[in-house]
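A single chain comes next, written as structure tokens; it is the form predicted on its own.
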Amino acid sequence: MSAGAPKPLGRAKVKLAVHGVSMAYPAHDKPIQVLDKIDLDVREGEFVCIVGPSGCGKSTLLNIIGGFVQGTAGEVRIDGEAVTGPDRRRIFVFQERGVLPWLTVAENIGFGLYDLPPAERRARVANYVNLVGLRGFEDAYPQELSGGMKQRVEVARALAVDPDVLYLDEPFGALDSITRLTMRSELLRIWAAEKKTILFVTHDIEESVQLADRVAVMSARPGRIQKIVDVDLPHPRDLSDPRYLAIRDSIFEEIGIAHRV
């Protein structure tokens, strides 16, 4: 397989299995149905994006998968084991919300590593500082960093605990457009190096097609998976390639938006 070619994921084992997941919240007259019978399989080492209209339940689904919320029906399994709560082997990355302002970059990255011997902890922190391009900023505090650099800290801290799955919920949503493009490229570089399984929620269809092996398109509430789109293009992706544009536009059409350049 040539460098940058799509990965042959078809034979990879299913890492994450979502079966019949529904979610309803109580209300005065009748429950509000947020998710309705979600089925989704994610294979080992795969990068899957979830997109859909605002309020369709994307983040709710991710929280159920991560074990933070219990659905009203269905189940989530990882490696065949039912998810019953959060697990340090599966880590969330949010929009800057997890960077601790009273800790330096190195201290933030090493936050979850205090069960390791000091020398091993320092070595692992140094490795991920270098991986995300923050060498020289180890002693800086978050208020001294740009938004993109804070997100690098978030990603590095998530990776430092060596999770087998990463959940990312709109991680670049607060960034300007140029920084978003940079962070997408950085995430892809890190993903290629670390070979983690990634489930990534975004409202940005361009972002999903640039990043993902597959895109799960959700309907309006109650959220359902109405289509899974394969993005069989090598990385880095040419954003002007006719095949890229056709995939992007098919997703716009799927959620009822006619995209015009």
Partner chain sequence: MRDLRRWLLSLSGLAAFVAVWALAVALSSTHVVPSPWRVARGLAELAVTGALFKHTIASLFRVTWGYLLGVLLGVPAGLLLGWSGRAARTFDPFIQLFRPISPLAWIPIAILWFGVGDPPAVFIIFLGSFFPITVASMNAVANVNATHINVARNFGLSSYQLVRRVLLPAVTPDLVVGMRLTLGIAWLVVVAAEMIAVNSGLGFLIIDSRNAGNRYDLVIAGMVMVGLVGLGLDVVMRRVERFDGLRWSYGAANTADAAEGARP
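Note that the rigid core is defined as the largest set of C-alphas that superpose within 1.5 Å between two forms. The shown structure was predicted, so the numbers you read here are calculated from the model rather than taken from an experiment. Numbering follows the first chain given and starts at 1.
Not on display, but discussed next: the form predicted together with its partner chain.
Contact between Met149 and its partner chain in the model of the complex is not found at the 4.5 Å heavy atom cutoff.
Residue contact with its partner chain in the model of the complex: Gly67 places a heavy atom within 4.5 Å of it. Although the partner is absent here, Phe111 lies within 4.5 Å of its partner chain in the model of the complex, judged by heavy atoms.
Its partner chain is not shown here, and in the model of the complex it never comes within 4.5 Å of any heavy atom of Phe137. Residues with any non-hydrogen atom within 4.5 angstroms of its partner chain in the model of the complex fall in just one of 128-136, 168-176, 79-87, 183-191: 79-87. Though its partner chain is absent from this view, in the model of the complex it lies within 4.5 Å of a heavy atom of just one residue from Ala73, Leu116, Leu145, Val161, which is Val161. Although the partner is absent from the chain shown here, Phe92, Tyr141 and Arg157 each have a heavy atom within 4.5 Å of its partner chain in the model of the complex. Remark: with the core as the superposition reference, the CA shift of Leu103 between this form and the one not shown reaches 2 Å or more.
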